[in-house]
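Only one chain comes next, encoded as structure tokens, the form predicted on its own.
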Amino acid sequence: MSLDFSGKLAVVTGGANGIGLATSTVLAAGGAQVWLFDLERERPAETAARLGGRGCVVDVTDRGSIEAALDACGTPDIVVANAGTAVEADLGDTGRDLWDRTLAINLTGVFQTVQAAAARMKPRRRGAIVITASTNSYDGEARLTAYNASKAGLLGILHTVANELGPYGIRVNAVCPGLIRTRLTAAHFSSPGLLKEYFRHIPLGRGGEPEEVAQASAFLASDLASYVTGATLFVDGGQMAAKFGTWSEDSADFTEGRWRLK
């Protein structure tokens, strides 16, 4: 069944690259009028034009920037709060600047986006909001203290606003991607040795693609998910369902960046 977004206005933060761009593409293909919100260096207007949409320069750490962009596009039917960042550092090397910047984008940026969007959706008594969280919302991957804390905090936002906005007909859900091939993870995907060990613990034996997360976000934003709110949807190849590792050399080979049964 195809997803129909005809007549819907959709906003995607961080929409000009990676998971955000893939999500924007899926929404546009379904007939939505898509607005990409992203930093100036990402050229959101140029990218949006290729999808038949529009773009605004937005810094999600700046509330005024978000408000101005929403005023420009009008009240959205769908908001995908996707903008995020990740920088690795050991606990002892995680300085206050890194901590503050990560939380400002990943946590406060989502809070500000959701709050501003909800204020516009409430009078209309409808809307769908999708937050890009992470498997790291649940686990403690090393060297990502600030990132993990920010993504865990998103679940607090998710559960609270789903509760508060449900009476207004506004649904709020989250996708939780695992390791997805994006600009932020390029170094991981270029290291076969690292992937071999990382993917050992993923039942599907591989990493994900942005389009796979986009399809999940689009489902949650669609009318097919009309009775789904406050939910998290893992897009992780089964990683969070595994505990001791699925793959071994006894029964499988690691080739072309993924595990396969012999």
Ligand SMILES: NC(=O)c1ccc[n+]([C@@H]2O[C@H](COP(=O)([O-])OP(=O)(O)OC[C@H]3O[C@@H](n4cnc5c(N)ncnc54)[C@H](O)[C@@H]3O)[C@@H](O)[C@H]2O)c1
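Note that residue numbering begins at 1 and tracks the sequence as displayed. Quick caveat: nothing in here was measured; it's all calculated off a predicted structure.
The protein also exists as the form predicted together with the ligand; that form is not presented, and the subsequent description refers to it.
V58 within 4.5 Å of the ligand in the predicted complex, heavy atoms: Flag for V58 set to yes.
Heavy atom of T185 within 4.5 Å of the ligand in the predicted complex: The answer is yes: T185 has a heavy atom within 4.5 Å of the ligand.
Contact flag, A152 vs the ligand in the predicted complex, heavy atom cut 4.5 Å: It does not: once the ligand is placed as it appears in the predicted complex, A152 has no heavy atom within 4.5 Å of it.
Contact test in the predicted complex: A10 vs the ligand, heavy atoms, 4.5 Å: Output for A10 is no: heavy atoms all beyond 4.5 Å of the ligand.
I170, I180, A117, V130 - the one with a heavy atom within 4.5 Å of the ligand in the predicted complex: Contact check passes for I180.
Residue among M121, A146, A83, A174 with a heavy atom within 4.5 Å of the ligand in the predicted complex: Contact residue from the list: A83.
Triple contact flag E197, I202 and G237 to the ligand in the predicted complex, non-hydrogen atom at 4.5 angstroms: No, none of E197, I202 and G237 comes within 4.5 Å of the ligand in the predicted complex.
Proximity to the ligand in the predicted complex (heavy atom, within 4.5 Å), stretch among 72-80, 156-164, 131-139, 87-95: Comparing against the ligand in the predicted complex, the contact stretch is 131-139.
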